[in-house]
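The chain that follows stands alone, in the form predicted on its own, written as structure tokens.
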Amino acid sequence: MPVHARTCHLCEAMCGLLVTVENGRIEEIRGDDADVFSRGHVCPKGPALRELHEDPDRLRHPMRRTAGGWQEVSWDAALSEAGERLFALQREHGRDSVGLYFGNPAVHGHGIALAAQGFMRALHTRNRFDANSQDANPKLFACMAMYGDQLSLTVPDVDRTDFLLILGANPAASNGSLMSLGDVRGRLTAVRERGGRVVLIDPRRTETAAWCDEHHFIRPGGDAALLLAMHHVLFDERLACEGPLVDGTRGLADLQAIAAAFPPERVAGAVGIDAATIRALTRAFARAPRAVAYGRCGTCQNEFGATASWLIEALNVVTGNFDRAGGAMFPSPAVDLARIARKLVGNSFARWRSRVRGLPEFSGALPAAAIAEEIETPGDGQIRGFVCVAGNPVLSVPNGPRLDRALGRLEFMVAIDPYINETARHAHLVLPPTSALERSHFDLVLHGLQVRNTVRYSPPVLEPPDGALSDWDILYELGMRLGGMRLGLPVVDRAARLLWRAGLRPSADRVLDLLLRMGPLGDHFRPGHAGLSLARLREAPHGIDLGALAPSRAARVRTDDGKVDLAPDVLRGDVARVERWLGSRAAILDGPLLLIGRRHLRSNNSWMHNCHSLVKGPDRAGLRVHPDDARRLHLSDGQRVRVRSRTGAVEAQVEPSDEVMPGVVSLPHGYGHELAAATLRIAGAVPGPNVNALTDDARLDAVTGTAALNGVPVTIEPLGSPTA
């Protein structure tokens, strides 16, 4: 039976898979021991690709919503109707009358990633939104402010570090985030096996804690204050590598002056970590031969996300662990996406603002927390039509029920999605792409986040049905009907227009081949040259190892003077909010319960709950409550409760657990499928509330507008006796 080597596209780990196919049917999916990056590691989601492909609820044809229910339509009819109605809305009400949302899968493959910019240019609306404003924008913004480029993203050199400090991240469940890890268990445990140290700081003792030497609870939202205290210790005890810093940075004195106001003794009570521990942790980090600090969702998804992200980067720089082996380094991918993005998008912030609240655009997109109000509020620029690409914002944007109601008011909506999910149910047309196994795959974005440089291309495993369209094809066809795709590469744009007029469409693989060959490791179309091309990658089905991360500061620090800015003005100015937090009731440990999210290895946001193999077993959506809080509130294991925030309420089942710190409760992200139970039949039967009925669209990181999905104040009301 044919066995196909394939990269899993379901998370950022990029694990290698071996897919056995017989007579057009998948027989087995297992880890690829020969994969140069993941080395055989695979999580439960990889084998579930067969289930996803065969899922009877996955759409195979375009669907139109009618008064009598969903109706199958042809591709030509669906694309023509979508193009005509969107064009008509923009002609009557202006370009900004159509909103656009790109979900997380937009970075998990080259077809959709390459088509996205061209489609955005064709739609030409300022009401653009994406999943980054619920997730990664604070990190991207901090890197732009410090290094001059939002895609100059550092990753931990995990394979060579002696001290890995993890803040608000759970790679045991995520397989890495803004850090493509591959073989996550092997790489993290190897740090300790070679005599290194791994320390986790998180309000929950997560699955990752089992692979760490230490875990310390921290009060949600306290990351920025903790990091300021660590910087205080570095400067106060002369642990900073001041010599090398002078020539390569600016703002060092400003950072030192800011940190002087935050001794550990001042912040300890507020963050929940005693001063002696903060000092000892800082000393150990600074004195380690090679150390790196890494923060993710916990540090990004709170009201100080950008400031905390800046202080993590600065911690690596000030301790001499920036751009060196074992520290925070820049990957060197085969396709230099950062260079391409600078030409197509640039590094933009606050070029325009949202109409209602004045929230800033970042990299061409507005915070998704503003979508509902921009639909609800009349006036010029009101969103009347909407295109949702590979996303489910009803279950991922704060105050999801409000957005759900707002989407129901739209004059026209298109969803590009394989399912009729909680968001797509509002669409007038749903356009489903081919199954992931029916199209080629290249991690255009994620190769730029690897902890070791590799490159790998995966051809299709299965033949797509006649007439089926990939995500690239759908965006291309719809974009051409809206005025023409403009990818920003003149030769490609000219070819695209000529091909479309002839009834043909360019291929994502041809564009990828061009980018590979013109990239830093490409053959540059020179005969006999040993550089990379798509043909070369096809000959290496398990990938090509490009080597360990290498110093690249000169190419990746793109500030005007080539120096790292340790105290960017906009972030330095945000420290005043941290001051107020320390002095406010928000920093008192006996205040309201604070809600945080969580994820599970078997779950990927909201869209994999329709796979029986991944959702079977115990209920994973319970409300985790510390036993002390459960006793204080007279709550028992299994008891039903109502959890209430400013924006709404949900019901959940209590799970007393000392894995959460006192004063903190936890619900997982991505549940609440009752709205789509008729079209997602397995997911619809999975218990669990939509946590984003509780998250607050008014609670944002003040700098970037990123949703503060963690640290939400809630109350708990008992509903009855414990279940039997």
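Residue numbers run from 1 along the displayed sequence. If you're wondering where the values come from, they're calculated on a predicted model, not measured in any experiment.
A second form of this protein, the form predicted in complex with a small molecule, is not displayed here; the remarks below concern that form.
*Asks:* Could you confirm whether Lys45 comes within 4.5 Å of the small molecule in the predicted complex, counting heavy atoms only?
*Replies:* Yes, contact at 4.5 Å.
*Asks:* Against the small molecule in the predicted complex, would Arg456 count as a contact residue? Criterion: heavy atoms within 4.5 Å.
*Replies:* No.
*Asks:* Does Gln301 make contact with the small molecule in the predicted complex, using a 4.5 Å heavy atom cut-off?
*Replies:* Heavy-atom contact with the small molecule at 4.5 Å: present for Gln301.
*Asks:* So, in the predicted complex, is Pro105 in contact with the small molecule at a 4.5 angstroms heavy atom limit?
*Replies:* So Pro105 counts as contacting the small molecule.
*Asks:* Have a look at 215-223, 375-383, 616-624, 278-286 and name the one stretch with heavy atoms inside 4.5 Å of the small molecule in the predicted complex.
*Replies:* Heavy-atom contact with the partner occurs in 215-223.
*Asks:* Name the residue from Ser533, Asn605, Thr249, Ser440 that puts a heavy atom within 4.5 Å of the small molecule in the predicted complex.
*Replies:* Spelling it out, the residue with a heavy atom inside the cut-off is Asn605.
*Asks:* I need to confirm a contact call. Of Leu521, Val557, Ala291, Leu167, which residue comes within 4.5 Å of the small molecule in the predicted complex, counting heavy atoms only?
*Replies:* In short, Leu167.
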